[in-house]
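Read the single chain below, which is given as structure tokens and is the form predicted alone.
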Amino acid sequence: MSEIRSALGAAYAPGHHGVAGTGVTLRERLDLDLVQVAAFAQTREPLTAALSHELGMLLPADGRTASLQGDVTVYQIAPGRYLISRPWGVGATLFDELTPVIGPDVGAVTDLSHARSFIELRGEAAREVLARGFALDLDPLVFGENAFAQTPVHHISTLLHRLPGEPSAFRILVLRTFARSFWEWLFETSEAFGCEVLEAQR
């Protein structure tokens, strides 16, 4: 696989920024593989069955909650359409692994590894930072673990996922084309709470 290069460029500066204290930490993830798998109108059931068998997990039942199994995360972004991510490993890429399983009569597998940027936000002020741009109710009782939503922030399309196991941890997927603009908004908003930008995870 080709090396994933950051779309954030010089705007990504590890270190402490903003006011004293650390309300949030920010980290770009460059170690995640990503594909989209989409069924045709009449092939949703066979695609879902084949994908579930190959991944060894139940797929999401709706478009609001992600499914996780080990390092694999699956989002249903439309009926019969899934985004699947996992860390790059020693073996085959998701595209190489799933393409033979999802034949051309059943659906299409598209490699999006170089098409999205992954940014993670953690910390006690994470909800407050996100609330300044995301028009979502992020109360844990409403937007709990593994909840996700596709929503624009200043006209930039994003997918926001509340990660499991931590009370204030979120992952954001954003089109690489707009990643730098989105990052600038996120970084400047986070500075008001004190933020630590961590080295990108590769």
Partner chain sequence: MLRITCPHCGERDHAEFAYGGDATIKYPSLDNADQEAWFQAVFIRKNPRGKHSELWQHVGGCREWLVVERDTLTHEIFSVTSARVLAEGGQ
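Residue numbers count along the first chain shown, from 1. This one's a predicted model, so the numbers in the text were calculated from it and none came from an experiment.
Another form exists, predicted together with the partner chain; not displayed. Remarks below refer to it.
**Student:** Exactly one of 72, 115, 78, 108 has a non-hydrogen atom within 4.5 Å of the partner chain in the predicted complex; which residue is it?
**Tutor:** After the contact test, the surviving option is 78.
**Student:** From the list 146, 177, 52, 151, which entry has a heavy atom within 4.5 Å of the partner chain in the predicted complex?
**Tutor:** Partner contact (heavy atom, 4.5 Å) among the options: 151.
**Student:** Flag residue 30 as yes or no: does it have a non-hydrogen atom within 4.5 angstroms of any non-hydrogen atom of the partner chain in the predicted complex?
**Tutor:** Contact check for residue 30: no, nothing within 4.5 Å of the partner chain in the predicted complex.
**Student:** Taking heavy atoms and a 4.5 Å cut-off, does residue 58 contact the partner chain in the predicted complex?
**Tutor:** It does not: once the partner chain is placed as it appears in the predicted complex, residue 58 has no heavy atom within 4.5 Å of it.
**Student:** Verify the contact flag for residue 136: yes if a non-hydrogen atom of it lies within 4.5 Å of a non-hydrogen atom of the partner chain in the predicted complex, no if not.
**Tutor:** Although the partner chain is absent here, residue 136 would touch it in the predicted complex, with heavy atoms inside 4.5 Å.
**Student:** Would you check, heavy atoms only and a 4.5 Å threshold, whether residue 141 touches the partner chain in the predicted complex?
**Tutor:** Flag for residue 141 set to no.
**Student:** Would you mind checking 20 to 43 for residues with a heavy atom within 4.5 Å of the partner chain in the predicted complex?
**Tutor:** Residue within 4.5 Å: 41, and no other.
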